[in-house]
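Next comes just one chain, in structure tokens: the form predicted alone.
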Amino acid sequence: MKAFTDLYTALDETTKTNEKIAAMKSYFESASPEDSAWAIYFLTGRKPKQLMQIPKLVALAVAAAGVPGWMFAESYDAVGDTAETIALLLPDSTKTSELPLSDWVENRLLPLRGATEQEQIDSVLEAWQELNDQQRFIWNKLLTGAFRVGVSQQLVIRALSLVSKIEPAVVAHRLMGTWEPTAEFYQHLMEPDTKDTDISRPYPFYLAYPFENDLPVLGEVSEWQAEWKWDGIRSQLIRRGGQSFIWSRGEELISDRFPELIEESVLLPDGTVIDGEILPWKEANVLPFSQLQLRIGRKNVSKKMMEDVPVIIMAYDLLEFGGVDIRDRALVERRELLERLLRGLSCSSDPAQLTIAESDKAAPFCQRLSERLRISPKVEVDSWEALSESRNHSRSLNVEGLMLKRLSSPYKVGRQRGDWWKWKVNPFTMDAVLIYAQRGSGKRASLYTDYTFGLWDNGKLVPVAKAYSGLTDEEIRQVDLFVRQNTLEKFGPVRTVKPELVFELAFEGIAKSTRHKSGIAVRFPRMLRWRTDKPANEADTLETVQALL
């Protein structure tokens, strides 16, 4: 428990990615397999089912701390976290537990679920007495299911990769699905023999840089391939060994969320890897990304959901064919192979026997596959001016702009300048009024940094968006002071404030929504600037923003 607490502290005290990875690497190199397995479990966002009701835990903490309930409520309002509030209110402790993390979890934490109320009280009080102040905080985090420390699963994977000297994609594959945090699991996770994951392993994604220059700096337009920038889930569809896999750009295995794509992929020949975008698609049109979000969070996708939100893969690139890595070939060659491959697929052909050489002679690919696997169309132009004009029509096609790819470029790794650019259209904007504020989390727990904004509708402000990014530290402090001095009402951690501050918000998309009072949902809202020059009564109306639909 001491080492895990030290790890948490090290992660919490830095915002630098390399320092976080180094701290986790050091922990995994010295921790036991049992402790490492549980550390991975919690660091990757997993948590046991509720072990003890929060109101009972709070009542126990109030009694142990000897403070009135109102003081706990005020303290929580200042801190914004139950686990931390309890740790701060309990009497100081100088004790330190040397018991391993696995012992605390398996013998003290998990048994709480089936224990009687008195057994729970006795166990929690005993734990508080054995732990020092920081260890209590971590224990409370695990107990309340609120353990978060600012590391993504990808960072955990990178740290484990450094320790094991196994490629990140292999570690990511082994962390997918359901697993139990045991010593055996950890030992398998670190096993150097990677044959168990070779069949499904994706390639590192090639990512584009935002294009912000004048087009002529790229040279001749004939040297470039232009495509629409689709708004979906960047993915790789892999067909190897008679099995199919879909990996997201975040190295998450998402095959089970799109069973219809897996079903269609059996028509691909073995040794095929396609880079593309999963899109919600119906009646020859792309649907808003919000429709795809309905499927992303589901572990089990129902038949009705597949009917309501059908999906396709818009294929961009061919990375592997016949089991051969072809990423070093020029884009123009890979694109030609991709087109010939998809043209050659047919329901009557045996995909295991199909080769590129035979594809031109094969029957046109079957309608079933054409509905699910499509080639991203090129935007054919003869000048940069014509391409710029095409980009202006992006929103009417429900795309984000254009992708520019040098025809001679190989498929590289990661985000690199020079050959691939994303040329997005400017975001939508609106001027909205700050109406609610809530404290942030982590290092922002003492400041009001999470805001809800409203637009005018028949003389009233209707909530339309939440945002927490885009302001400078100084602006955050100024808004925090305004919130404290102009609070009208409190609803738990949320404060209603005087409707006086106006902010320009940017957002990438808008869709109808029955879940929101405003009737709309905006995508990726963030604050562009604080409109100190504009009074609240001059903010935008809901009708104005709805007109963007």
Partner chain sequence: MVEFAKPAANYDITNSVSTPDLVKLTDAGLYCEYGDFYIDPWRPVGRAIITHAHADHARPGNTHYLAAAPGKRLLSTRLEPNSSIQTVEYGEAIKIGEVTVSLHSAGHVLGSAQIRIEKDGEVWVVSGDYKTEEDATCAAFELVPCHTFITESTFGLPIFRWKPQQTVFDEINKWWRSNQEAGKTSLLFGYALGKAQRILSGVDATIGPIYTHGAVEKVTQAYRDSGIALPDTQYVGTAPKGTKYSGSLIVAPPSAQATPWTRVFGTVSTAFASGWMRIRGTRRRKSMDRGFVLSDHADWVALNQVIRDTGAEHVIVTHGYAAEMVRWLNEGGIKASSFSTKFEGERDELQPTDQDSESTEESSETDSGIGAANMQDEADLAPTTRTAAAAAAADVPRFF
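Numbering follows the first chain given and starts at 1. Keep in mind that this is a model prediction, so the values were computed, not measured.
We do not show the form predicted in complex with the partner chain, though everything after this point is about it.
**Q.** Proximity to the partner chain in the predicted bound form, single hit among V494, V67, A59, A511 (heavy atom within 4.5 Å)
**A.** That would be V67.
Q: Report the residue, out of L88, L397, V163, V332, that has at least one non-hydrogen atom within 4.5 angstroms of the partner chain in the predicted bound form.
A: For this set of options, the contacting one is L88.
Q: Examine H516 and determine whether its closest non-hydrogen atom to the partner chain in the predicted bound form is within 4.5 angstroms.
A: So H516 does not count as contacting the partner chain.
Q. Q129 near the partner chain in the predicted bound form, any heavy atom under 4.5 Å?
A. Yes.
Q. So, in the predicted bound form, is E538 in contact with the partner chain at a 4.5 angstroms heavy atom limit?
A. Heavy-atom contact with the partner chain at 4.5 Å: absent for E538.
(Q) I'd like to check something about S75: if you look in the predicted bound form, is any of its heavy atoms closer than or equal to 4.5 Å to a heavy atom of the partner chain? (A) Within the cut-off, so yes.
Q) Among 105 to 113, 406 to 414, 453 to 461, 76 to 84, which stretch has residues with heavy atoms no more than 4.5 Å from the partner chain in the predicted bound form? A) Selected stretch: 76 to 84.
Q. Does every residue of T44, W247 and E277 put a non-hydrogen atom within 4.5 angstroms of the partner chain in the predicted bound form?
A. No, none of the three is in contact.
Q: Taking only heavy atoms into account, state which residues of 123 to 154 are within 4.5 Å of the partner chain in the predicted bound form, ordered by sequence.
A: Heavy-atom contacts to the partner chain in the predicted bound form: L125, W128, Q129, F137, R148.
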